[in-house]
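Single chain ahead, by itself, as structure tokens, in the form predicted alone.
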């Protein structure tokens, strides 16, 4: 064996890599063809059953070749994720084509996503902006769906101002992250169908496939069922929820989580450590956590202020969290190992079987993160 042998092997590897890339291109072309056929048949952009079938098939075949377990399955998940990005073409419409949709705030980030998707299903979409109030009657005339996509602190005002132009056959929706007060207001100022919506994603998503949209069908759910079905057709995962239950969950999922991220980020900015050094010295899990902190501060501060400050209940929850830290700090100050371990185990018991599942899932996530990491 000499250096020439290594060069020959590397050339063969390069050739194989090119063949794999060629096959990936052919697969993407077939995916696009399949999407066209599915759309013509009125099928959704995403099928969990089909995805599981593909993963099971490739993993089974990989075993016949004695390849490492999950090696091919992990690769195919990445291939499928790329396939879903290309699923934004033309979709079937779950109601009459050219049904008029008015999106109040349609030029905003979230408004643009829904505008694009509604148009892909042949809806007649019109954006209603702050400068359009003098034309409100004209713009809203004949609309079947009216979606409010504005900052949360002006949502109530917009609902009130819209009310004179709404007819009973219109479906009124909002996209706020808080549901109870806004679906209540929509029911108060509108006599027709009311559907609260909360897209659990940001305006930077490339596709709605596997994205969660919470639906709160507050009034005449049968009238808005086609709209919920439309979201599913686009690939979104719909979670039906009561407004109160939604808001209680969001206090934990969003308000408390965003506040702790905000507090940690502002603390770091005051301490002013070298981020470059921290990144170089960080384990993958901490680097990932830091990315999530930085992600928040790369976005609109008003959005997060609106979410965190949207209710008194959020304040009470955050206050309780802040107060709970003091006794934990006392444990650390006293170096009370016994109490620390006792509380640690109590928390572990709360997580139950989820703890091990989260450990496994986070391990897989970290492996992918390491693979994708560039620089630092």
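Please read these numbers as outputs of a predicted model, since none were measured by experiment. Positions refer to the first chain, counted from 1.
Omitted from view is the form predicted together with a further copy of the same chain, to which the following refers.
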item	value
Stretch in contact, per heavy atom within 4.5 angstroms of a further copy of the same chain in the predicted complex, of 179-187, 121-129, 94-102, 242-250	242-250
Exercise: residue 141 in contact with a further copy of the same chain in the predicted complex, heavy atom 4.5 Å	no
In the predicted complex, residue 270 touching a further copy of the same chain (heavy atom, 4.5 Å)	yes
a further copy of the same chain contact at residue 135 in the predicted complex, heavy atom, 4.5 Å	no
Any non-hydrogen atom of residue 109 within 4.5 angstroms of a further copy of the same chain in the predicted complex	no
Members of 7-36 lying within 4.5 angstroms of a further copy of the same chain, judged by heavy atom, in the predicted complex	9, 10, 12, 13, 14, 16, 17, 18, 19, 20, 21, 22, 23, 24, 25, 26, 27, 28, 30, 31, 33, 34, 36
